[in-house]
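Take a look at this one chain, the form predicted alone, written out in structure tokens.
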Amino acid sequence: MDSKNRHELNPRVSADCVIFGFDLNQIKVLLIEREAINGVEQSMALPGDLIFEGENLDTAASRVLYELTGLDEIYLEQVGAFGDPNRLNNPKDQLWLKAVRQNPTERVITIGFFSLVNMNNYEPQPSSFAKSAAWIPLEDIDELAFDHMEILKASFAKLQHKIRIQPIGFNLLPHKFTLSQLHKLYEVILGRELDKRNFRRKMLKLNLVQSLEERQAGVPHKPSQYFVFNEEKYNELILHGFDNFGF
């Protein structure tokens, strides 16, 4: 964002984005690194910033995400509002705020958003006050700026809930995938082991995946068959409703 336009921002409302990815082994989160202030290293943060006056929340979230990471045209879903009066009071965060905002002591309410993306389709391009942007394993994240850990936890809890009633996990996978990769994704998100045979039976019964004639190549084990997401069937289930998967 052009610095001359920052005076048009609403100093009391912001948008923060949790972007989840999956590398076929673990869940990762897109984080930004902020510039050190007076030699003080800053905690990594979710992509987030203030909104413009007259800008709706969804538009603001998409703009902020693009300005800080280069990710564009991504569906973002609201997680909730976060407004603890002390959410900006960490001394390290205050030091950073004084360097980048006109009203560093203003109380700010933030709206959290989350999304699921195929990491292979997006190469982060940091800009604005983001020194860098990178995919960080969820299990390695133990400290973030402001109350971003709370926003991240709330977003992951929503992901865990939604994946039981909607096949949203497919957004994290490449176009073609194996049932073992899909099974691993569900285990990682739900945080527990799932019976492989039962899992495959349920997925195939739902008719949410279609098999391909193609199999893996160059793997040190028996090549697995590839599948693709049956989007037509998914849209049909969305229209008429469906029970949870029972995982």
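Small disclaimer: the values here were computed from a predicted structure and weren't measured. Residue indices: 1-based, along the sequence shown.
Beyond the structure shown, there is the form predicted together with the DNA, which is absent from this document and is the topic of what follows.
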Here the chain appears without its partner; judged in the predicted complex, the stretch of 37 to 45, 218 to 226, 23 to 31, 61 to 69 with heavy atoms within 4.5 Å of the DNA is 218 to 226
Worksheet item: Does any heavy atom of Q210 come within 4.5 Å of a heavy atom of the DNA in the predicted complex?
Response: no
Tell me, yes or no, whether K184 is in contact with the DNA in the predicted complex, where a contact means a heavy atom of each within 4.5 Å. no
**Prompt:** For E53, is any heavy atom within 4.5 Å of the DNA in the predicted complex, or not?
**Reply:** no
Looking in the predicted complex, the residues of 179 to 196 with a heavy atom no more than 4.5 Å from the DNA, listed in order, are S180, D195, K196
